[in-house]
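So here's one chain in two forms, each on its own in C-alpha cells, numbered structure 1 and structure 2.
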Structure 1
C-alpha cells in the first residue's frame, strides 16, 4: 500500500503528459502489478484528478484483454496561471494535461511598482475562478526576467520599469491572499514564479514539440528581448541560483547596438521584435505589440524586399547565437518560440545552414531545430510550475494523507 502511495505522483505525471493513455501502459511504465496500477488509478480518480474509463474496449486489431483508458478529469481542479510581459498580462485557468479552461488577457502599461500589475492579473484570475466555480490547487507566474532562487526575486527585468530585485513571488502570494484565491480546504496559496522562457521550455517538454528530448534547448523572443532555457532529462536546468541560460546576452554583433546589460550587439537587442521592425524599415507603433507587428510583417509582407532582408539579417544573428549554444550544450533538440519561430518558418534552410556551418559537428550532425507548438507556452509553463507539488505528492497537497 505504501508503494502504491509512492506511485501516485509518477502515475499522475504519466497521465498528465499523455504517456499513459491506458491502465496497461501505466502498469508497464510504473513497473508494478496490475492490481497496484488499478489501485493507484482508482485513488487518483477518487481525488478528482483523472478519469478511468468504466468500460474498457480493445483497440482495433489488438489482441488480449482490453485495458481501461485513462484521461485527466474533464471537470477537475485547475491552477491559476499568470504571465506578465512588456505589453500587459494574461491570466488563465489550466487543468491537468496543459488544458486551458478559461483565459483573460489584459493590456496595460506596466507600472514601475510590480505590485500593481500583479494585483491586476490575479484579480483577472480570481474572476475566472468565480465564473467557472473550479477548485484551485495552485498558482504560477511567468515574468520576463531571471528569477533568483531561493528568494523568488526578479533580478533583471530589463524591458520593464521594475526595480532590480523586485520580490515577485512574495508579491504574487500576497496578491492571491488579497483576492481571496485559496487552495484545498480554503488554505492560503503560496504562489510560484519563474522566468517566462524557462517555463515555456518546461511546457514544450511536457506537452509540445519537446516531448521525448533528453537535452532540450529552447530559445525565444516574445514582446521584447531574447531568453533561453535548458531541460535535462525532464528537469529544468536553472543553475545554482535560478539564473542559468541568460542567452540574450551572447554577443552576435560586436559593433552592434548597445544592450541594457552594458555590452554591445547582444541577441537581446539584435534579434528581438524591436530589432526586426527597425531592420524592416518600419516605425514601431503603439496600436499592436511589437511581436504582433513583426508577425504581421512576415506573414503579410514577406515579398517586400525590406522585410525579406530583415528576416535574413535576424536569421543570421540568431544562427550565430544558436551555433555557440549548440557547441557548448550539445542538445539533442532546439526549439524556437515567439518571433524566432516565425523566422524559422519563413526560411528554415537558411537558419539551419547558418547553425550547421558554425557548429563543431557540421552539417551531417546538425541538431534538429523545430518550432515551439504551444500557444502561450509561458502561461502553460507557469501552470506546470503550479501543478508540480500535486505531481510530486497528490495526497499531501489535497490533505488526504499523513
Structure 2
C-alpha cells in the first residue's frame, strides 16, 4: 500500500495477457522504474492475484541476472462465466490468464422463459464454485443476441425463443444472488451480460489470434445470421447503446434473397450456414445443426463441385461484406469464426483476394485475415468481461483490507 497503486491495473492486465512474463519486461511495458514495478508486483502477489517465481526456468543465452518469472496465481480467485446458445448452455470458472478451471456443460432445449435457463446455468456455475472452493470475483454471461446498454436487455435473441427485450443482466444478477454466489466479503455480485460475438472478440484479443492488434474486427456466424465485433485499443466498442457491429444487413448480393429487414441480399441471409447448405444443393437440417452440417460438407465433400461452388459463392459474398467493413472501420486485423472460419480455411487466397479487390486501398486490402483460435471464445470472453473491474482497479474490487 505504499508504492505503485496507480499502475496496479495495467500491470495486472499485462500479466493476465501474458505480455509481462518477467519483472524486467513489466518495468519496460509500464514505463516506470524497477523500484515501482517491483512494488507493483509485490502488491499483486500480496493480493493473491499473481505469482513470482524467484527460480527462473531457463535463461537461454541472455547475460546478466535472470529475471524472476511473473505468472498468474494458480490457485487465485476466479470468475463465473456462462454462455447460452441455441442448443444449451455452458458454465465455467475461469481464472486470470483465460485459464478455465472447471466446466459444466449442459444441453437442453432452451425454454422460452429466459429466467429458467439463466437459473440453470448459474446453478451449474455455483455448483462448480462449491466444488472447488475458489473465491469468485465476478460473473459474465454471453448470449446470442445484441445486448442494449445501459439496460442490459437482449434485443434480438433470434435463435432462442425468448421475447425481445428480455432483461438478461438483471435476471443474471438476481439469479446469482438466489444461488448464493457472492463477491469478496459476501457482497452481492453484479453480473455483466454481452453479445457472444462481442465477447469472443474480446477473448481473442486478450488470449487468442487477436493478441497485439490495435483495431480488431471479428465476424462470425453460428447457426443463423452473422455477427460482428470490434475491439479498439483493447476496449470492446459496443457503440453508444451496445448495438454496434450489427453487420448482418450489409448488402452483399443486390439480386439476393429478401431479408426480414425489408431489404434484399443482406449478409445475414447470404452468408450464414443456411445459405451455404442451400447453395450446395443440400436439404437443410434442423437449425441447431446447420453449422455442423456445413462443416461436414466442407471437410468431407469438398471434392463435390456443388459444395466447392457453394464455398466460392459464400466466400465472394462474405468478402464483399468484409471489404465494406474494412472500408468503414480500417482494422489492422480481421478474425473469422464459425462457418466463416471454415470458409477462410477452405480457400484463404480467394477470400483475401476479394477483400483486397473491394476494399479501396491496397494497404487496407492487405489487412491480415485470420481464424479465431479459442475454443468456447464467447465463454472466455464472458470471463474477460467479468474480470474487467479487477483489471481496471484491483484494489477497488478486492478492498485494501483483504
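None of the values given here were measured: they were computed from a predicted structure. Just so we're on the same page, rigid core means the largest C-alpha set that superposes within 1.5 Å between forms. Numbering follows the first chain given and starts at 1.
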Item to check | Structure corresponding to the form predicted in complex with a further copy of the same chain | outcome: 2
Checklist entry - Would the C-alpha of residue 374 be classed as shifted by 2 Å or more between the two structures after rigid-core alignment? => result no
Checklist entry - Just checking, between the two structures and with the core aligned, does residue 299 shift 2 Å or more at the CA? => result yes
Checklist outcome for this item: Domain rotation angle of the smaller rigid part between the two structures, rounded to whole degrees, is 11
Checklist entry - How many angstrom apart are the two C-alpha positions of residue 273 between the two structures, if you fit on the rigid core? => result 3.5
